[in-house]
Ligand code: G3I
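Take a look at this single chain, the form predicted alone, given in structure tokens.
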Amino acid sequence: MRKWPSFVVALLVSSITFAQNKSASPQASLKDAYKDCFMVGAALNPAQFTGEDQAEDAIIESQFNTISPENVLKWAIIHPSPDAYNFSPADKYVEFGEQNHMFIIGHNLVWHSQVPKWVFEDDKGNPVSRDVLLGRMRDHIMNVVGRYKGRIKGWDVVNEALNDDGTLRQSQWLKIIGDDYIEKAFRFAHEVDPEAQLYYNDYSLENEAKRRGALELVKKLKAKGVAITGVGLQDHVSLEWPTTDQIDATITEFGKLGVKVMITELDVDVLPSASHTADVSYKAASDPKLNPYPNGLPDAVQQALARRYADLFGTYAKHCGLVTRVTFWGVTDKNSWKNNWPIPGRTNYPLLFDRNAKPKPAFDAVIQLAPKHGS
């Protein structure tokens, strides 16, 4: 792991000019700038991997060497009814990744959200038994992972299984199967594709209580011989939270367990906070005070965003080799989920490329902070 003293990171950050009207060279590439540290990627929607959005396609092809799907591999989309699979969108996603020689991620196999009711119920609407639900989980994983065996290289096997206090979320998976449902999911995935990397993925792991729960979960899985490659830190962050010290400590602690760390869903919320969670089920009431920049981001906030991204990438790069991937949750501000969560219709600016697919000062900051090749 590369050790960068904090004063070095501070000097690098302070040396960057965050001028509003300055943009990095079109030839600058995130994937090349960080090729000695980690892969850099983005989560894609169908318009981006089917060629409908050529401006964003150009960004994806030039900037990223790994991709994740926003939705097309989630249960509700790919397996909407017991006897029907909808593989076409996922096929196109995987084909796009292969055509562009990218490391392809599967997101996700087992989650409490975006799962059809039929998965947990019998034909009378009653909860199914443990054995029935385990069978449905296994069949789903065998069919989905099996279809893309050797093509999708890494899977978010279990997503967001923990509460903020570090205890297991009372999902239908837990209630019906029991707390070994996580172990079972990993074993099923490894059974069908022994070469695939397998991850546990969650948000707010920088919070101490939740991090402790995740660390204990990983320890238990490893003690049972479960194949778990790494942990995904979603890092849906704000300008202030979490601190870089919290992120640094979180990466370090998981590294001590012998697993890799991925930053899997990175974005920076620049709007006033309506919550302190990334739970997709959370909704907040509309309030003009929580949507202060509908016509554009003020220069001072633009510069704050650039400094924040510089701090984040300085922290990630400090852990070269332990952190193996940094994936943005989206490509441009235009299609970011942050525009509609937890309040629909807000205008947010959480990514490195603006609504016109142009690089922002934050893009320059991230490029300029990259370690020099061979250093």
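This one's a predicted model, so the numbers in the text were calculated from it and none came from an experiment. When you see a residue number, it is the position in the sequence shown, counting from 1.
The following text describes the form predicted in complex with the ligand, which does not appear among the structures shown.
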item	value
Option touching the ligand, based on a heavy atom within 4.5 Å in the predicted bound form, out of 260, 236, 79, 211	236
Candidate from 71, 252, 244, 163 lying within 4.5 Å of the ligand in the predicted bound form - any heavy atom	71
Residue 114 within 4.5 Å of the ligand in the predicted bound form, heavy atoms	yes
The ligand contact at residue 34 in the predicted bound form, heavy atom, 4.5 Å	no
Contact label in the predicted bound form: residue 349 to the ligand, heavy atom within 4.5 Å	no
4.5 angstroms heavy atom contact with the ligand in the predicted bound form for residue 197	no
Non-hydrogen atom within 4.5 angstroms of the ligand in the predicted bound form for each of 159, 329 and 337	yes
Interface segment, criterion being heavy atoms within 4.5 Å of the ligand in the predicted bound form, picked from 289 to 297, 71 to 79, 224 to 232, 94 to 102	71 to 79
